[in-house]
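Next comes just one chain, in structure tokens: the form predicted alone.
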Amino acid sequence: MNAQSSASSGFPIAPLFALDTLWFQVAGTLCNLECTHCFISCSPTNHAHEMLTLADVKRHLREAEALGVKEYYFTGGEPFMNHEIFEILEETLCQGPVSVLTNGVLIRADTAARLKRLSDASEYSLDIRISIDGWNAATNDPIRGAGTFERILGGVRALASAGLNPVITVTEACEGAATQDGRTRFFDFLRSIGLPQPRLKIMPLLRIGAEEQRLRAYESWETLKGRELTPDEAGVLQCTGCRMVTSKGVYVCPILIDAPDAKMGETLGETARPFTLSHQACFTCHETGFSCRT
């Protein structure tokens, strides 16, 4: 077997070049929303993965520092449901740049002000990434829930008023978002709500979890079986430079935490090995060049 493909499985192999990025499923799969396209089906009742404690995060941060991790991401579920989230962020910002992926609903003026203080006190950057699925309630609310559009905008405006410039994330569940016209419309919309220099990330749909039921699952041909991975292609894949910490152990990436064979160990050191790209979600990452990173 070489570093690019496995003759035994027929699927390409993704090496771990270096552990640059560490993710934390800090809220587990618990979320205050129940989005119909969520690839890990987060909801107020999903306990597939539980919340991480400050002690959990500290333990992995110590190992991450020794392994040379350069940046950290916190996701869920909804990170701001974790009652220790500010202490967790403060601890991590002593070690490297931090991004938080949130739906924004729980961000109020006091929350935003506290985040700004954390950002100002650190030599590293703090990015807040807010998900929304439309430029109005008619496009967003069928995906994220009735009334969520205005609640998300409240979080965006609170961050802007505090002097923070969040990254806005939109999936292709918003029809036309990925087109040039769609991007232009989003940029105009974001400027209109108080973001003079808007930052926008468009994400493809991952056809697992809730999205499987909303629109469709992967077709049988949407797989990397029989393919070889060139070094350039491997370099684009986030699984060649990241791992994901959950309450159940360390997984290969943020996408596959519901796949038992994507768990690679209990510690970061145990995960420093290649991963076979046998999951259909790997097809999306490979074909689109998609990364969960900001």
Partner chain sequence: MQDVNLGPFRRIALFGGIYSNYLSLERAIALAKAKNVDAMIALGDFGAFGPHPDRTVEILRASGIPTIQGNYEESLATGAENCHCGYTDPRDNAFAQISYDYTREKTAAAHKAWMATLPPQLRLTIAGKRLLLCHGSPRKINEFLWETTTPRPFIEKLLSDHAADLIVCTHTGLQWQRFTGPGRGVVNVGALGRPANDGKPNVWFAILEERAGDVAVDFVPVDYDHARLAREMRSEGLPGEFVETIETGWWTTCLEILPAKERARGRF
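Numbering follows the first chain given and starts at 1. Given the structure is predicted, the values throughout are model-derived calculations rather than measurements.
FYI, the form predicted together with the partner chain isn't displayed, but the following is about it.
Stretch-level contact analysis of 76-84, 216-224, 90-98, 203-211 against the partner chain in the predicted complex, using heavy atoms and a 4.5 Å limit, identifies 90-98. When contacts are defined as a non-hydrogen atom within 4.5 Å, none of S41, E172 and P260 contacts the partner chain in the predicted complex. Note on the partner interface in the predicted complex: the residue among S161, N136, S125, S192 having a heavy atom within 4.5 angstroms of the partner chain is S125. Of the candidates L54, L67, M264, A48, L67 is the one whose heavy atoms come within 4.5 Å of the partner chain in the predicted complex; the others do not.
At a distance threshold of 4.5 angstroms between non-hydrogen atoms, R151 is out of contact with the partner chain in the predicted complex. The closest heavy atom approach of S119 to the partner chain in the predicted complex falls within 4.5 Å.
Contact annotation for A18: at least one heavy atom lies within 4.5 Å of the partner chain in the predicted complex. Within 4.5 Å of any heavy atom of the partner chain in the predicted complex lies no heavy atom of R157. In the predicted complex, the residues of 187-209 lying within 4.5 Å of the partner chain by at least one heavy atom are, in order, F187, Q197, P198, R199, L200.
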